[in-house]
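Shown below, as structure tokens, is a lone chain in the form predicted on its own; questions about how it binds or moves come after it.
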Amino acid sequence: MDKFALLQFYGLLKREVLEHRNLFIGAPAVVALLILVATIWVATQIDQSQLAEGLRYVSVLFDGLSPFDMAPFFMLLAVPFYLTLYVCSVIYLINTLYQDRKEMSVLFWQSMPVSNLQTVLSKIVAIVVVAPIFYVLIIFAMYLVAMVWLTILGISNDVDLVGIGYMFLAAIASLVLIYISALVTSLWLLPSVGWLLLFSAFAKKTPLLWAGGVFILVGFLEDFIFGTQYLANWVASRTSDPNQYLIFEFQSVFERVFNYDTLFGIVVGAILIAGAVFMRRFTD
């Protein structure tokens, strides 16, 4: 890819971030603020002696331990951010191509030396690769504020926080796991990404209803005509168990990505994305 094409793609990514900054930045920032406020409020309701004892326990718990071994502990704190990213991704994917047609900005982009493939890929990269970066940065900022607050509490309660440094390193290590998990989740759920983009590309109204309605209709016809439920079972198998795509150990990344189920999902997702690229050629 030449330098001009890279600049084009960068411009498309920047446009997506600026136009959807509430989903990319605003939503996780609100979640982080709510978690900090809730944590501080809970701490104010605890007796000072109990709070000091809790700080000593946490400090001793992390003292001397490998940050990589303790990193999965912080994955639990990222659950609200995962759920927020999931909801925001659905909103973004089902509306992004539809909004282009509704506002007729698709005509502007089609008049530019930018292909439909570049445009669709920029939207996928924006939500799959770029959005998790903002989420991770905001989680890092939340951890930093929390560590400063814990240090202040420890000093004010005369608690020797010997393990606070190990705890912070474990939190930093967890950010890598959080980002990798977001990427693996996107690959695992790429059929859903392609499905939402496909209906966003051609539905004239309420693309989310189209996406959900057609899925239900196809499942009903399969059950009615063939007496099978392969589609429903396949979708359930890819969404029911988060352990299939959440990464808790660095050693399991290769195994999670390079396996039959993930690669098959990538192929199905790529076909649906190709359909979205094709349908974008047609405007209302």
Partner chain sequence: MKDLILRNRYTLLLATLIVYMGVLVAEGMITGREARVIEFENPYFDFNMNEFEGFRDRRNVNEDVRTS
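Numbering follows the first chain given and starts at 1. All values derive from a computational prediction rather than experimental measurement.
The same protein also exists as the form predicted in complex with its partner chain; that form is not shown, yet it is the one meant from here on.
*Asks:* Pick from 160-168, 135-143, 69-77, 85-93: which stretch has a heavy atom within 4.5 Å of its partner chain in the predicted complex?
*Replies:* Contact-bearing stretch, as computed: 69-77.
*Asks:* Give me the residue from Leu272, Ile266, Leu12, Ile25 that has a heavy atom within 4.5 Å of its partner chain in the predicted complex.
*Replies:* It is Leu272 that has a heavy atom within 4.5 Å of the partner.
*Asks:* Though its partner chain is not shown, can you say which of Val214, Val148, Ile155, Val130 has a heavy atom within 4.5 Å of it in the predicted complex?
*Replies:* Of the listed residues, the single hit is Val214.
*Asks:* Would Asp241 show up as a contact with its partner chain in the predicted complex if we use heavy atoms at 4.5 Å?
*Replies:* Judged by the heavy-atom cut-off of 4.5 Å, Asp241 is in contact with its partner chain in the predicted complex.
*Asks:* Given that its partner chain is not shown alongside this chain, does Phe202 nevertheless sit within 4.5 Å of it in the predicted complex, heavy atom to heavy atom?
*Replies:* Close contact exists here: in the predicted complex, Phe202 approaches its partner chain to within 4.5 Å, heavy atoms only.
*Asks:* Classify Arg56 as contacting or not contacting its partner chain in the predicted complex by the rule of any non-hydrogen atom within 4.5 angstroms, answering yes or no.
*Replies:* Outside the cut-off, so no.
*Asks:* Using the partner position in the predicted complex, report whether Asp63 sits within 4.5 Å of its partner chain, counting heavy atoms only.
*Replies:* No, Asp63 stays farther than 4.5 Å from its partner chain in the predicted complex.
*Asks:* Would Phe81, Tyr179 and Leu187 all count as contacting its partner chain in the predicted complex, using a 4.5 Å heavy atom cut-off?
*Replies:* Heavy-atom distance to its partner chain in the predicted complex: none of the three under 4.5 Å.
*Asks:* If you look in the predicted complex, which residues in 210-227 sit within 4.5 Å of its partner chain (heavy atoms)?
*Replies:* Val214, Val218, Leu221, Glu222, Phe226 sit within 4.5 Å of the partner.
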